[in-house]
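Listed next as structure tokens is one chain, alone, in the form predicted alone.
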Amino acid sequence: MVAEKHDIIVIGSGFGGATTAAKLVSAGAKVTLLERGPWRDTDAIRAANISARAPLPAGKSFFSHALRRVSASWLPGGQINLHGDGLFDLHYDSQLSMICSSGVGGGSHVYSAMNVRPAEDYWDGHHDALSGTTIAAHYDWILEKMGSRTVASSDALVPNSIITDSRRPTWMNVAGVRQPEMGFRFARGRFSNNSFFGSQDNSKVSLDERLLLPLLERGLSVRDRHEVMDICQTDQGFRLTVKDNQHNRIRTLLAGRVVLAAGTLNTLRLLFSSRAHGSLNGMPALGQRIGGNGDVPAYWPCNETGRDYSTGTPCHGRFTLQDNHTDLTRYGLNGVDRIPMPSSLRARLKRDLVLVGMGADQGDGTASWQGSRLKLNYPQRNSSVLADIYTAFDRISSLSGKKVYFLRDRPITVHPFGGARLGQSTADSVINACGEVHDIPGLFIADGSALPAAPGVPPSMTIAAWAGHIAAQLISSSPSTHQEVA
């Protein structure tokens, strides 16, 4: 088997991988980006004449393409593979379950387009060489790229915006609540089927069409359906064992530098398994300080007569209660039209809402590698934000007379972070202020696993800003790249 040689390989195409690749290629570097999932069949990708596309879950393809893999200790072999082009992975664990997505563009297909910065002091105190000022310009860059803006009170034509909803309950407070900027093409006026199951018409801005497509002719090579199985450190850099699912073969790729951005769950799996195989060494703090960003999703069957909550932007907006200041976000079942079901059931679901609580948890969980499986330990009682969210949901049940359903004491998150976190030394962290693994030179980590603490808001912009910082370090250290032109 002949090994291919590359300078920089980026693993993963979500907010970390796509941002890193885009910044590097814009500065003159040649980058190979490996993504385990396919290009998704959206209008923009079809117009770019990319032939090997896979559908988003919809219609006849919904049930076949919704789930890719489910992992749990009670499954034979620890996991079951459902469809190689499935959109979601579910990792079930009694202490903290995680959901992640698969496809070129990563989580930008399934997130709610909330593009929010964390608190100004988020980056302070984690490393002497980093601060909020260091990272600020990278937030500006990604927010501009995503076309992020808030829904204004004058946007009366945006359906179900919590800001303009005249039928909003009086106890649902929006005064003084920071509303999210959204990566959404408001001017198109298309407000259906653009949330959790992807956006066929690209009304929701996604990374594949916004960051990656424009660079395919400028030095970026995207290899979809390529899943990295092992990372091995060599004298010259790294040897990657890659399963090419498009051509059903194993490939060997060599690279001087590797940027790992496969998402928290898959990055940790890859680091742990590579270390267990003896391909990587060191990283004594691997698996420390994991959290779920305080995520608590809930279903609220409010069944409000005369409402269709399934239209609008990917999220309706944020609110608090008058007597509970926990930030909550409201969603309709946007995308329910794409799921095969009886019309009467669909009409019923459109009258219901999804609520999500989120906040900065302690991030004091741990991950370990047990029998070729990731095992999580998450002491949720240490994070008071979860109890606050539970209380808020119970209060809504009381105020509305209609019960809010959620998994109390069974946390599930779509925003896992930590486990390969930033810090000063190998004793308490995995990577340094440049994003490079302390004891494995040339290996960088650019996704949520690197975050030093819970952002307390959707982490997509924070991951992208961190990835932009890493790209800047690589650009400044490489003679083959030049200053990026904005």
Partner chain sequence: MTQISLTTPIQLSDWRDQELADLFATLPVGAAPSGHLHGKLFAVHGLTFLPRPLARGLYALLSTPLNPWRGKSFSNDKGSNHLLWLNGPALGHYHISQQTGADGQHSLWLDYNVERNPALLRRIRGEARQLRKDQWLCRMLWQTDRGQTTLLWFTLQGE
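All figures in this text were calculated on a predicted structure; none of them were measured in a lab. Positions refer to the first chain, counted from 1.
What follows is about the form predicted together with its partner chain, which we do not show.
Participant: Report yes if all three of M229, R239 and N248 come within 4.5 Å of its partner chain in the predicted complex by some heavy atom, otherwise no.
Facilitator: Heavy-atom distance to its partner chain in the predicted complex: all three under 4.5 Å.
Participant: Which of these stretches, 132-140, 100-108, 352-360, 273-281, has heavy atoms within 4.5 Å of its partner chain in the predicted complex?
Facilitator: The contacting stretch here is 273-281.
Participant: So in the predicted complex, is its partner chain close enough to T391 to count as touching (4.5 Å, heavy atoms)?
Facilitator: T391 lies outside the contact set for its partner chain.
Participant: Decide whether K145 counts as a contact residue for its partner chain in the predicted complex under a heavy atom distance cut-off of 4.5 Å.
Facilitator: Residue-level check for K145: no, no contact with its partner chain.
Participant: Should K243 be classed as touching its partner chain in the predicted complex when contacts are defined as heavy atoms within 4.5 Å?
Facilitator: Taking the distances in the predicted complex, the answer for K243 is yes, it comes within 4.5 Å of its partner chain.
Participant: Considering only heavy atoms, tell me if C302 and its partner chain come within 4.5 Å of each other in the predicted complex.
Facilitator: Looking in the predicted complex, residue contacts with its partner chain do not include C302, since no heavy atom lies within 4.5 Å.
Participant: Given that its partner chain is left out here, which of Q233, N160, Q380, T267 has a heavy atom within 4.5 Å of it in the predicted complex?
Facilitator: In short, Q233.
Participant: Taking its partner chain in the predicted complex as the reference, which of L254, I412, L90, L399 has a non-hydrogen atom within 4.5 Å?
Facilitator: Going through each option in turn, the one that passes is L254.
Participant: Which residues in 127-144 have a heavy atom within 4.5 Å of its partner chain in the predicted complex?
Facilitator: Read in sequence order, no residue approaches its partner chain (within 4.5 Å, in the predicted complex).
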